[in-house]
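Next up: just one chain, as structure tokens, the form predicted alone.
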């Protein structure tokens, strides 16, 4: 049976219905038995529903730079840890 970490790793594909039937079935079972993952799934679905109709807004340049620096640092950290 998948762990919570497995569920979180597959959450995007789960929500996009991009999983093979067996994986989807295993994750469905996990969500039924795990209240934490159920809440995460429910909250994520509700959040997507709320924001789906909103017009996209530009990210301020300073924030974009900060986010990109954080992503690049994390990627570099992973490369070093291999």
Partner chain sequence: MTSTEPPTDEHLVELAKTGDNGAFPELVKRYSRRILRVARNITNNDEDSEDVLQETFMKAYTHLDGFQGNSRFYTWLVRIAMNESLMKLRKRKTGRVVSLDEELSTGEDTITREIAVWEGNPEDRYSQEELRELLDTTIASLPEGFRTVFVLRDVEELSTEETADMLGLSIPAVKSRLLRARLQLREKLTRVFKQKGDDAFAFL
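Here the structure is a predicted model, which means the values were calculated and not measured. Definition used throughout: the rigid core is the maximal C-alpha set that superposes within 1.5 Å between two forms. Numbering follows the first chain given and starts at 1.
Keep in mind that the form predicted in complex with the partner chain is not shown, yet the notes after this line are about it.
> Does any heavy atom of residue 75 come within 4.5 Å of a heavy atom of the partner chain in the predicted complex?
Taking the distances in the predicted complex, the answer for residue 75 is yes, it comes within 4.5 Å of the partner chain.
> Is residue 61 part of the interface with the partner chain in the predicted complex - any heavy atom within 4.5 Å?
Residue 61: no, not in contact with the partner chain in the predicted complex.
> Is there a heavy atom of residue 24 lying 4.5 Å or less from a heavy atom of the partner chain in the predicted complex?
The answer is no: residue 24 has no heavy atom within 4.5 Å of the partner chain.
> Using 4.5 Å between non-hydrogen atoms, is residue 20 touching the partner chain in the predicted complex?
Close contact is absent here: in the predicted complex, residue 20 is far from the partner chain, nothing within 4.5 Å, heavy atoms only.
> Return yes or no for residue 68: a CA shift of at least 2 Å between the shown form and the other one, with the rigid core superposed?
Yes, shifts by 2 Å or more.
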